[in-house]
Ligand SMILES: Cc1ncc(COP(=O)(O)O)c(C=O)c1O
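The chain below stands alone, shown as structure tokens; this is the form predicted on its own.
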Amino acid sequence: MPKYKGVVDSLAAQLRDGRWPAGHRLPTHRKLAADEGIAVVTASRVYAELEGMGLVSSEQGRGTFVRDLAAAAGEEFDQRSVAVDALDLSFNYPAVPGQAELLRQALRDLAAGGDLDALLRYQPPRGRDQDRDAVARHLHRRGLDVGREQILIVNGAQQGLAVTAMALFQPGDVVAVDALTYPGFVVLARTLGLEPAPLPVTEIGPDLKALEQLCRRRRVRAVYAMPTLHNPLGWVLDHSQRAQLVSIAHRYGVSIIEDASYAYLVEDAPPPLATLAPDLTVYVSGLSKSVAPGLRIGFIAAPAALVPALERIIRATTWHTPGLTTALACRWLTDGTVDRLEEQKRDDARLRQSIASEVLAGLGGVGHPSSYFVWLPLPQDARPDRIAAALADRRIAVSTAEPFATTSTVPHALRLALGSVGIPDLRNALPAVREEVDHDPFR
């Protein structure tokens, strides 16, 4: 075995054992070469192999740094294990007062009426007619007019994305995604053997000229988009941007997957892409953010020609939707409970954004006025992993940019979820974030 391999193995073991904290600067290539008795070019090879293992990150002109392995272990998603007593600014599960009592009353009502036996049997794979009617009425209020024959009820929006991807794609297909995007779709694409092709992002949306250039060069099968409240950047595409995206999709025969999980937070939004391009667009949303993640109810609105393929995937994976939670959720869709909760959460999100804007003023945070997250760019000489580790020591969990990045170069940024802690805790946590950013020792 070449000598340098022993150096790689030794350093890898020390890194995995946590000898150095996240963000620690390792010796220079020249220093490592002198310490280990190897050539400088060989030291560079050692660090390149460690970087390939995901243990370190190299930055030109600055050095080689220890990666946050706690984040790397689950980097595909924006949620990691968080201490019980920690304030969680890494993941959103927004709630408003009184939701538990709503559930208690809804369960009583469900138990008191109707044919409960029917809810214990196998359900139709797409969902019952009356439940899909309830979803159709809900989507109408979102600006999307589709009949129940185009709707499929699934176990949350994430399963909706999975069902859609399995129906649309073959391994090796190219899917255009934003350079910063929802981590759950990226891991789904990679799990299915797809190639996520990153699009540069601007302050107001994806670079649509880059999308057209990509479609000219390659056979792009679909584009994954969040036009109404992008996660994590918070943009809402305007009418002209939506029209341009749809025009490109039609010109090159590209399908659109429209993720509308956070769309409920935007009032008077432009029409969904599915309204502008109903023949190309699969619209996916759910109630995890607007109501509660424990319901695990999502829905797909798809072109009629695609519905049989989507139904087959549901049969092959979960067979059908859960009768009890679907019935409960659709009652709330019908009686106005969901509309009321969404209105309360819009107000709640606006309050949290105003608090974040006040505390983080001057740091360049990016966020929609009624969203539950803030994208916080950091100076190039800052160490996001170091800041995240320092905050974890203070029992505050945040996300770095790594889970959201689809490019090899990861931006220096933090993503702060505002919706999972109480307002007093948020007021306590955000100043700590500012303090660690302002005093990062590696700046």
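All figures in this text were calculated on a predicted structure; none of them were measured in a lab. Sequential numbering from 1, following the sequence displayed.
The next section is about a form of this same protein that is not shown, the form predicted in complex with this ligand.
Enquirer: For the three residues Leu265, Gln344 and Ser371, which mark the spot I'm curious about, does each lie within 4.5 Å of this ligand in the model of the complex through at least one heavy atom?
Expert: Not a single listed residue reaches this ligand in the model of the complex, so no.
Enquirer: Under a 4.5 Å heavy atom criterion, is Asp259 part of the interface with this ligand in the model of the complex?
Expert: Yes, Asp259 lies within 4.5 Å of this ligand in the model of the complex.
Enquirer: Does any part of Gly156 reach within 4.5 Å of this ligand in the model of the complex? Heavy atoms only, please.
Expert: Gly156: yes, in contact with this ligand in the model of the complex.
Enquirer: Is the gap between Phe91 and this ligand in the model of the complex 4.5 Å or less for some heavy atom pair?
Expert: Result yes; Phe91 sits at the interface with this ligand in the model of the complex.
Enquirer: Test of understanding: in the model of the complex, would Ser288 fall inside 4.5 Å of this ligand by heavy atoms?
Expert: Looking in the model of the complex, residue contacts with this ligand include Ser288, since a heavy atom lies within 4.5 Å.
Enquirer: Of the options Arg221, His320, Arg148, Arg296, which one has a non-hydrogen atom that comes within 4.5 Å of this ligand in the model of the complex?
Expert: By the 4.5 Å criterion, the partner-contacting residue is Arg296.
Enquirer: Quick check on this chain: which one of Thr281, Thr164, Thr326, Asn231 has a heavy atom within 4.5 Å of this ligand in the model of the complex?
Expert: Spelling it out, the residue with a heavy atom inside the cut-off is Asn231.
Enquirer: Have a look at 288-296, 206-214, 107-115, 344-352 and name the one stretch with heavy atoms inside 4.5 Å of this ligand in the model of the complex.
Expert: Of the stretches listed, the one contacting the partner is 288-296.
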